[in-house]
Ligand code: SIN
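Starting off, we have a lone chain in the form predicted alone, written out as structure tokens.
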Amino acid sequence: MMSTYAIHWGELDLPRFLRDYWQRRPLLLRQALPGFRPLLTRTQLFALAARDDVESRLLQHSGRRWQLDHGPIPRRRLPPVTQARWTLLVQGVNLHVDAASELVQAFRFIPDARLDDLMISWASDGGGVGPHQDAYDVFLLQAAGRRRWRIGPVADPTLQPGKPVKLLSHFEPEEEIVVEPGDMLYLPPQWGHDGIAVGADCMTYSIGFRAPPQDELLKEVLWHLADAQGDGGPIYADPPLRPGEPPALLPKAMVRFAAQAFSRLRPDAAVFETVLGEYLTEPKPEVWFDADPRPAAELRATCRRGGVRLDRRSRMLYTAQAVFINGETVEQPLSGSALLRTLADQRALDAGQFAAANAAERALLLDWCAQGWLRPDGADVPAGSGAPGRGDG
């Protein structure tokens, strides 16, 4: 699925950005999206923050005092918009708003496996989240109002004690810039930044790309390998015991038994691909899929007329050997389907491509439509549907 948004790289081009800036150094693009306007009004954003299926946070500060509240946050809990120094953060807006999902498509020059989400920050005058650093790449697109950014490398990552958010204790910015609607600032991981709203109604769109720590991925691999053992393996049995042994002494035989259990785990490249594919496509806990209640025949006819598209909440990846969607691996023989790989890349199949699907592919696509993972293109879910599919948390 192509995006209607095109990033203006100024004197650069995309290859040079990826070569010289991506994960290396910041870049400010003036009018990266000329004429850009907010995709949601302030009222619509506040309404999103009040929903229990949307992750949101309210951050207020006065001097050295900071207060953090987690959503859902109904409108009555928000301060007056005229009150200074508060920020509302709404995560995963691309999962709930088609226009936000379309905006994210403009950033698919970065692998889908890296995408986290689009977060919208609304701030009153002086509002911000304080000096901090992130463990991911982020594009900060100014949608409304003005924001002053102070940025710089972090020499001392020490955090301020006793704060509800991770604020740097000794942040020394090397550059200060003010951005306006349409401007975009790129920051690589671990780059210090502090954004402060200049005037009221400051709205910033953050398109984040996660960089999972190696330890986190190791845990996922170990969990997967342990689950794959199936029968649980042999049960521990004591060696011959002798009276008089210290009761609190950890038996060496049990240590050896645990080491043997670990040695049973023999991952190969396919295992790592499966773990990563399922892990990186797993829906977030707040995600619900609306099942399509239409009869199978009606659903099939609708798909034949207009093709299909991935639901904006669906995540889909593939390797040479496997296809993954919403935390699951597609079973053989469909794991080798070229059509499913096309769907993952395009996030849609037109009517001709759907018609060209073989019987097994078509059955799988219709099953995904019934679950809400896939949508007949151009057709909305009928009113009244709302049954959660997989990924309902």
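Heads up: residue numbers just count along the shown sequence, starting at 1. It should be emphasised that the depicted structure is a prediction, and the values quoted were computed from it without experimental measurement.
From this point on, the text means the form predicted in complex with the named molecule, which you will not see here.
- Trp149 is the sole member of Phe209, Trp288, Trp149, Tyr279 with a non-hydrogen atom lying within 4.5 angstroms of the named molecule in the predicted complex.
- None of Ala322, Met119, Leu167, Leu115 but one reaches within 4.5 angstroms of the named molecule in the predicted complex through a heavy atom, and that residue is Met119.
- Contact with the named molecule in the predicted complex, defined as any heavy atom within 4.5 Å, is confined among 200 to 208, 266 to 274, 157 to 165, 290 to 298 to 200 to 208.
- Shown alone here, Asp137 lies farther than 4.5 Å from the named molecule in the predicted complex, counting heavy atoms only.
- Contact annotation for Leu89: at least one heavy atom lies within 4.5 Å of the named molecule in the predicted complex.
- In the predicted complex, the named molecule lies farther than 4.5 Å from every heavy atom of Met184.
- For the chain shown alone, His132 is a contact residue for the named molecule in the predicted complex, at least one non-hydrogen atom being within 4.5 angstroms.
- In the predicted complex, not one residue of 273 to 291 has a heavy atom within 4.5 Å of the named molecule.
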